[in-house]
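Before any questions on binding or motion, here is one chain by itself as structure tokens, the form predicted alone.
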Amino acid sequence: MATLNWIGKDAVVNHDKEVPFKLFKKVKGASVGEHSKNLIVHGDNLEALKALMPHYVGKVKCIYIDPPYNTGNEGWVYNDKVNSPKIKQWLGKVVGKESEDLTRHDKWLCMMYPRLKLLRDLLTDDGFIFISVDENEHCNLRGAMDEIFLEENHVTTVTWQRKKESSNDSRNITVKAEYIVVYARSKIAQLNLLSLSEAYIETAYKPPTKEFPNGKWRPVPIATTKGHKSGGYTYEIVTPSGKKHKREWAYPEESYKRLLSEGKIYFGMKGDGVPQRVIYAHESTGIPASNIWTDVATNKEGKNEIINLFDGGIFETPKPVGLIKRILELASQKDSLILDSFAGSGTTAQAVLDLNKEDGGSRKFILVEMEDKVARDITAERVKRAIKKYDYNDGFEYCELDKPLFNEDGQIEETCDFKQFATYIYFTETQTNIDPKKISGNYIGEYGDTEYYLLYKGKNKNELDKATLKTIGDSDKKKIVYADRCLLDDDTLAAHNIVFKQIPYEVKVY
């Protein structure tokens, strides 16, 4: 695999580990409903992704992001060039003086790389990530994804027809398509089949006949092709007209005979052709998706969806709901968690709610939007209006990124409560998410043969002494106890199989 290099790479390749962990602050007035598990976060998506880790690491089934294409077009609400004040400030801080020499492609890679690393950690082992991109950064994106997700986990690059009409937007060739780069988290990931549309059935299936009267049907070859990975079964088949065909077949002879007895073998119009299996439309479990999408909504539909909700065009080229629904149909189950960390106009949230309404699903979404003028007034407002207009049976919690867990002096931020601190400690110790239902007193959970305890009633008020020792379990398991101070001697700690860790100095930084 070729190595992708750019100015600033050394500074950002492990920057995801240096991002401070921040707390969330819920904004009730901007939320819809009570106790919704949907989440819209306003804040830098790099910091937001880091803050999501203790709650959602390894839990997101499908990620869709539509990052800046880096086209240089700055004439609309959502800056499509990696030249915003926030990105400039971040590059100067992380990359340093070298950032002054960066090309726009260097800047884009510096911005994307640490975010992609955190996104990978949030995915389930059988999860997928879909990334919209155009020619400006497609090759750079593939290089970065091959490093982070590994080249063998590249599923495909979808060509999506974003508009149907021709226009004079190019001196040479009219650009009607964009790309969606698709990677799996691991080899065990498997996309769903697409259900058959009426249009597809009409073109791909034959009408019922006297020979096959049980509905629309189509023949599928059962002879293996050259280089067939699963091998084949060699035997002779005699057609009704007496013609013999001996070759490798995809099915063992017993299976072929069963299909023949069920009337599901087609020998061609003359009855002497190479046998094929008959599949009825109503029996089909679906078809694999193509990597060319000309049959889903275009940007024009996406713009109309915004106009219908806001009585005007707020975004020039928002992604349409139908496009995201196609992705969700392929890469999610009815109870999956969906993440979009470049939320923009909030299409992903509406697509989740719309698909849930169609199939009775309970999918949940997490959206992150950085731009101050977009997050509440467009992203959250669009979802709020869609819920009301289309009667979606769900809401969302709106959050801001709050102060870092650790302040500038390395101390735990005073606004951090017990549950927030326990969530972070359990995650850094186990690399898994805490189960809030198992928290009991100072006990915050166990992992493997170790129990975890947190003594935390506020800053500098937490001592492991004879009194608090009574709150520690008496099992034979190893016990890790976090507190400000320990007033027990080594023999007592050993007798109870306790490992003491001092706050804040021994709290791991993820």
Ligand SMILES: C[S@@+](CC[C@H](N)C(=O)[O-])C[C@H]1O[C@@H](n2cnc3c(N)ncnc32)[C@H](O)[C@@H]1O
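Please read these numbers as outputs of a predicted model, since none were measured by experiment. So that there is no doubt, residue numbering starts at 1 and follows the sequence shown.
From this point on, the text means the form predicted together with the named molecule, which you will not see here.
The stretch that touches the named molecule in the predicted bound form, counting heavy atoms within 4.5 Å, is 40-48, out of 25-33, 446-454, 463-471, 40-48.
Listed residues F315, Y426, Y392, Y179 were compared with the named molecule in the predicted bound form; F315 is the one with a heavy atom within 4.5 Å. For the chain shown alone, F130 is not a contact residue for the named molecule in the predicted bound form, no non-hydrogen atom being within 4.5 angstroms. Among residues of the shown chain, M370 is one whose heavy atoms approach the named molecule to within 4.5 Å in the predicted bound form.
Interface membership of A343, defined by any non-hydrogen atom within 4.5 Å of the named molecule in the predicted bound form, is confirmed. Contact check for T347: a heavy atom falls within 4.5 Å of the named molecule in the predicted bound form. Shown here without the named molecule, the chain has only R115 in 112-133 lying with a heavy atom within 4.5 Å of that partner in the predicted bound form.
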